[in-house]
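Only one chain is shown below, in structure tokens, and it's the form predicted alone.
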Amino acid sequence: MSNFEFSVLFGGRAGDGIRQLGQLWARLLARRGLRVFLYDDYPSLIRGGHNFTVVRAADFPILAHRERINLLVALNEETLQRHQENLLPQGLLLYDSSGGREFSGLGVPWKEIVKELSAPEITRNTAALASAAKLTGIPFEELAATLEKDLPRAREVNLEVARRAYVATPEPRLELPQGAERLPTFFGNEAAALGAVAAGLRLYVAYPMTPASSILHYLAQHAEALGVTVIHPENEIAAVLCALGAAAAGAPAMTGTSGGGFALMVEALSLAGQAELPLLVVESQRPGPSTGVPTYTAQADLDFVTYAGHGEFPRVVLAPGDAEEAFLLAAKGLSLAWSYQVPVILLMDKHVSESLFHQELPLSRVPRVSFRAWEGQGEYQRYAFTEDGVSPLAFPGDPRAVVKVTSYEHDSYGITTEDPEAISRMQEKRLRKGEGLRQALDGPEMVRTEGEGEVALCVWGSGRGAGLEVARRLGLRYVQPLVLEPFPEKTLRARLSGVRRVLVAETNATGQLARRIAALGLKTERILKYDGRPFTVDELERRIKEVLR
């Protein structure tokens, strides 16, 4: 491993096509066999405001971006003002020199090229891409292949703009190497959607809310090919109730939202607990409370989703940290929901949902949805008492069974009751499923660990990218629970055995994972960030060194 890496920051106004520019660059480098990671930073505006995308490429696996960059591609002057200090000493600045503007870098007249070709203004991003490719020694044929494959429309005009900008750009100043691994690229939300489909998802129903919205867009775009029905109802309450209705009828269903939408779903979450309906909810966090900062990231909803709802009922909270984990945990979440007839929350955040990862999605490891089916013997009891609390399922339309679903307390047939003994017995039945879940999820496969250092770095969810890389760099023991409810106490104690110091890094203001680990009797040192931005590799390493000093 040569440890080659190269970071580019593309910046401009909202409406300049910065996100598409970054994605095209990432896919161009991915096809060269380099490992890539893409981070998008954008305000909640359709036009105006400052957008930027960072694409880091390397010849070793990476899951996070850096602060320091090798190439700054500026589509406006504000990008120079905001990010020039991030350039490494040998870094290069590439900017639009149209109109005679000059800065201490390399200018190419992208706007003038677009104007001369009477091309749409948005194609200035293609001109910038072509200049970046030329400057880094990427042959035009490779660039053209990426444009032809990944541009959804106006390919010819974009190719012409690219050709003119490529010619207008000086000879290469850098040479990006060829890598060895040509893996596919996925956004976290795409991976979660595909994982649920692979496990047997039949219905996705959601009201759009950033940063979960792209699950809805992706599944709607590919609904026919994936065999999934997709519904966009009037609000989040309707979405979760549609999903519960589908589950009651026998169709594995999922809904997705962010914190505010999940707040609207809470009563239905309790309904899922009482009626023992399988439900998978993707909750992609953003900073709050309330509307908060809609297009940025946070890990502040762990306490909320763990305790949301009235009454006491078992649930599962899973937290993926990259695309591969989003794929596998979405599948596992849907499978668990049906095996135990409980609500499962896939707790993501903007940094996982909307970042682009360069990973395989391991289809062979996906669990398929299965459930305890009623065998048709005797009179059907929807809520039959069993040793593990899980009752056999039958569905409306089965001529042999009368199937009741109710939010009221009930007996084993689903008939309303207020008898104190029956109430207690049914509550105990439901809670028995929690013990089964605890035993099933408190195992080594649900707590990722690497290294044997006496100082442990604990992270969850999107903390994985920067956390894993920094832990390797500093020789720390890396610990990441994939399940947060039921909390894997036994496995975490074992993973942290012999550790002298426990550092916990998370993007919230109070240390929600740190409190859970401290409840095990372990002293924790918290490294928190709550400005709406994720940890970069550089920042997390710096913060950890300050703590260890």
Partner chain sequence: MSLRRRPEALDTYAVNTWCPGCGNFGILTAVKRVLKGWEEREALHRLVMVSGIGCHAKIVDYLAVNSFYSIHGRVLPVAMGLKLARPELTVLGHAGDGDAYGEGIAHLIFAAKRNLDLTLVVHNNSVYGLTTGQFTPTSPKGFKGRSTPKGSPETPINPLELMLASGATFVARGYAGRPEHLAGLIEEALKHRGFAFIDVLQPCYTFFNTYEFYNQHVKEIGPEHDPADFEAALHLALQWDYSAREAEIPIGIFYRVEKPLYEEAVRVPEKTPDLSAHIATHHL
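None of the values given here were measured: they were computed from a predicted structure. Residue numbers count along the first chain shown, from 1.
This next part talks about the form predicted together with its partner chain, which is not shown.
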item	value
T386, S424, S370, T406 - the one with a heavy atom within 4.5 Å of its partner chain in the predicted complex	T406
Of A440, L363, A154, L117, the one that lies within 4.5 Å of its partner chain in the predicted complex (heavy atoms)	L363
Full three-residue contact with its partner chain in the predicted complex, heavy atom 4.5 Å, for A206, L318 and V502	no
Distance check, L194 to its partner chain in the predicted complex, heavy atom within 4.5 Å	yes
Contact label in the predicted complex: R472 to its partner chain, heavy atom within 4.5 Å	no
A246: touches its partner chain in the predicted complex, heavy atom cutoff 4.5 angstroms	yes
Exercise: H83 in contact with its partner chain in the predicted complex, heavy atom 4.5 Å	no
Listed range touching its partner chain, judged in the predicted complex by heavy atoms within 4.5 Å, from 266-274, 428-436, 279-287, 332-340	266-274
Residues from 219-241 in contact with its partner chain (non-hydrogen atom within 4.5 Å) in the predicted complex	H222, A223, E224, A225, L226, G227, V228, T229, I231, P233, E234, N235, I237, A238, L241
